[in-house]
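Consider the single chain below, provided in structure tokens and representing the form predicted alone.
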């Protein structure tokens, strides 16, 4: 069976997905039986192109790399639903920018696709954060699959590990570093840069957006913590109910003082059981050098999950990056096809 893929959002992550698909088309077929055609690509800036028989992926990538446009292709128009139907897509890869207040435009894209029985993979955490229940119900109603590995740790397969590798475990606690930008900044400050210098470097290297407010004030980590609470504990913990702080008040002096005490300062996200129920937080913590999270530097993410059957399990991997996040989309697409 040939999987017909529509891509919404052809920026860094969407383009990376196309590159991986193009590079590994033969390998994906031979190893996983994953045959595909890209039948639609839509982007807020580049426009929309459709071919139900499959777009020439190399030609698309050549146009993007040379002109950052869909030069040479006939642009398509119409509503998102009309274009999806015209493309005959069976899967949607949703990689539009995140809006944490409304979830748009990704939320509407996903609702439309699920309503048509089209499977959806996404890296956009906004729709999951604001409408997880609605989307889950819609997927069930229309017998469509929905996966979102990339919304928490980029390409590092945390959700897959929880759902499959840890099946049967009772989860007691999770603690981790969930934001690559803030961890990179703290690492660079340990190396002597000021907060502003470290943040500027993070932006230059592509780890931080031009507006990094969601990262540095802890909101991005809080959103991910809220999503993890649903996945791990099946509990709704609204983002606004999570105790949250960011890194904006951190100084090199505070980092040096912690180092003298044998500690490192990290922005830690966690969920734990208390006598009053689950407590979720995003907090600057001093942790000893011997702590499993102390050695996690740069844009790397890591989580330690405490369970009854396995004790502590720590997962470490990239928490940012265009190709890494594109890989999360690919893994979800292949899993849904299988």
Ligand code: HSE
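Between two forms, the rigid core is defined as the largest C-alpha subset superposing within 1.5 Å. Numbering follows the first chain given and starts at 1. Predicted, not measured: the structure shown is a model, and the values here were computed from it.
As for the form predicted in complex with the ligand, it is not shown, yet the points below apply to it.
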- Query: When you measure heavy atoms, are 40, 43 and 85 every one within 4.5 angstroms of the ligand in the model of the complex?
  - Reply: no
- Query: Quick one: does residue 178 come within 4.5 Å of the ligand in the model of the complex, counting heavy atoms only?
  - Reply: yes
- Message: Quick check on residue 224: any heavy atom within 4.5 Å of the ligand in the model of the complex?
- Response: yes
- Quick one: does residue 104 come within 4.5 Å of the ligand in the model of the complex, counting heavy atoms only? no
- Query: Is residue 320 close enough to touch the ligand in the model of the complex, meaning at least one heavy atom pair within 4.5 Å?
  - Reply: yes
- Quick one: from 135, 267, 208, 89, grab the residue that has a heavy atom within 4.5 Å of the ligand in the model of the complex. 208
- Message: Can you tell me which of 178-186, 164-172, 237-245, 104-112 lies within 4.5 Å of the ligand in the model of the complex, counting heavy atoms only?
- Response: 178-186
- Threshold 2 Å Cα movement between the shown form and the other one for residue 114, core superposed: no
- Has the Cα of residue 199 moved 2 Å or more between the shown form and the other one, judged after a core fit? yes
